[in-house]
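Taking the form predicted on its own, here's one chain by itself in structure tokens.
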């Protein structure tokens, strides 16, 4: 375990096992207890690697049809169940990263109803894409962890965002060089870049259909993340930090990865037509971006 105390003293606002999920329940217990001493959140990448095995996509009809090793949904759900039970007894704030399955949403919903100190996030790719897309072109830009799931899972995540079960929307931005992704699907690293498309996907697939209002978007992409991390920001009160994003909600645009500000191009959304675009970013009271 990392030296959480020293990390907090130097500015850490949370600890996480993202990318290397904790398999030992005793270790997760100690991490929650240790983090609780400093009042910080533990962010869980919920995955049981003994169940995920060599999986490279969601386990189900599509993985069977394509002959690929699958990652079952209960690989995520088993860990969420464990961490929720530990959180219930220890009380340290627990945040579940990149929720991807219907079962996970229901577990978090039940835990919140029981008063457990748990929050959760979803990513745009988990409410806009399914594992069906993989068989169309075998693009490694569709390979991520957690993997793309089924339409039933996508619908459950949208419902979780609507009813407040899922508190936040996170980009899960994961850049990779082209040569890393230009390999066989099972050899490619996980992850896509999501920062530059996150707002457009939220506006197009959550706001436009009426799933969320713009006030709810501001909450899930700004206010809630700040609250979860106990970090300043996320509001417009006088005297608050002047970090503000100004959005044109009706601006239509086409995703062109070769025009991204990021040096990486590993996005599955190239060519998608989206609505809603950042026009200005104000950082510390100064305009840092003008679109």
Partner chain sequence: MTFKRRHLLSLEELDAAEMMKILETSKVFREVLDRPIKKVAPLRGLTVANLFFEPSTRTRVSFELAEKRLSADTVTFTAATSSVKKGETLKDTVRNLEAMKIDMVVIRHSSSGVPYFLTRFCSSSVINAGDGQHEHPTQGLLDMYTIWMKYKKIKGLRVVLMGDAKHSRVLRSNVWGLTKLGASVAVCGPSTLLPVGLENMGVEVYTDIDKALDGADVVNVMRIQLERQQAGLLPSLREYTSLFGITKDRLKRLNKNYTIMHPGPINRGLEMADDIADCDQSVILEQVTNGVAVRMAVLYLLAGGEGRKTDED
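Numbering follows the first chain given and starts at 1. Computed from a prediction, not measured in an experiment: that's the story for all the values here.
One more form of this protein, predicted in complex with its partner chain, exists but is not displayed; see below.
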In this chain shown alone, the residue from 132, 183, 177, 85 with a heavy atom within 4.5 Å of its partner chain in the model of the complex is 183
Checking 256, 230, 65, 30 against its partner chain in the model of the complex, the residue with a non-hydrogen atom inside 4.5 angstroms turns out to be 65
Can residue 38 be called a contact residue for its partner chain in the model of the complex at 4.5 Å between heavy atoms?
no
- Message: With the partner left out here, check for me: in the model of the complex, does some heavy atom of residue 110 sit within 4.5 Å of its partner chain?
- Response: no
Considering only heavy atoms, tell me if residue 59 and its partner chain come within 4.5 Å of each other in the model of the complex. yes
* Is residue 163 close to its partner chain in the model of the complex, meaning a heavy atom pair under 4.5 Å apart or at it? -> no
Here the chain appears without its partner; judged in the model of the complex, the stretch of 207-215, 93-101, 147-155, 183-191 with heavy atoms within 4.5 Å of its partner chain is 183-191
Applying a 4.5 angstroms cut-off on non-hydrogen atoms, the residues of 217-255 near its partner chain in the model of the complex are none
